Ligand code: DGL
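Have a look below at one chain only, the form predicted alone, in structure tokens format.
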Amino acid sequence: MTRPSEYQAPSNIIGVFDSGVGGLSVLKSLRLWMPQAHFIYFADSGHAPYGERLDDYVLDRSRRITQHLLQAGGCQGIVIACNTATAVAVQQLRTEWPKVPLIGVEPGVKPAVAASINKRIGVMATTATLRHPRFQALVLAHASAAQVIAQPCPGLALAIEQGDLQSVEVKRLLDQYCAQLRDKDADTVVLGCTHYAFVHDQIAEQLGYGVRIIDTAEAVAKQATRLLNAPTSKGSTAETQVAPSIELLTTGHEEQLQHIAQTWLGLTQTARKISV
């Protein structure tokens, strides 16, 4: 078996993983920036949600998936399209695979501070993301002049994971969490979980006029393009002329991933269930 430190990137194949379907929001931006890349999307739905798991569990799952994407998938680099997995695992994974570009996602605290007028920033995220020292360091580094309102959203990622964005449960949870941010007068709100991008419009409606919402998917895609030295045709007509090359993998129900990928992103690929 290949030792992590001996890994060499073989080709323009990019792995993307999340605890479930939320990372599809990042994949959408990645496809726009790197239309010529081959993507392997790994939804760990059989072990979701990460945001309500212990750190050791999240690290173990992240390590197993990274190993699979590098060895079986032949990936050149990996985008960890999950805020919780990034917070818990990215530093350790970079230590174990120092030659592999590993791009994580973090709540957009810095752009939120720049955008805010009253300097009251809301961050909607999982409990695990908000309690991790990595998030606290992010706040200390970029939000010393602002008040950061950390809003844990237990159950929301799991409700979105079911695929029905108009469900009673999704609406109930959004009502609850957005009301708390309205009460605290946040004028800028960060989406600190990739699942939440798919209910962006509902969140905007709940928060009300004038509240700016920060999502970092495009910034992550730009960073991945730079680190992977990938050819990009972002902003040109070429991006619409290249057929998407995507594999969909899941540890959950393949029909569910297929349905959500088609409904949310218009993908027609067949998902494959694997055990990792």
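The numbering used is simple: start at 1 and walk along the sequence shown. Predicted model only: the values in this text are computed from it and were never measured.
Only in words, not in the display: the form predicted in complex with this ligand, which the text now covers.
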Quiz item: So in the model of the complex, does any heavy atom of residue 193 sit within 4.5 Å of this ligand?
Solution: yes
Quiz item: Even though this ligand is not shown here, does residue 188 get within 4.5 Å of it in the model of the complex, heavy atoms only?
Solution: no
Quiz item: Is there a non-hydrogen atom of residue 109 within 4.5 angstroms of a non-hydrogen atom of this ligand in the model of the complex?
Solution: no
Self-check item: this ligand contact in the model of the complex: residue 157, any heavy atom under 4.5 Å
Solution: yes
Quiz item: Heavy atoms within 4.5 Å of this ligand in the model of the complex: which stretch among 64-72, 43-51, 207-215, 221-229?
Solution: 43-51
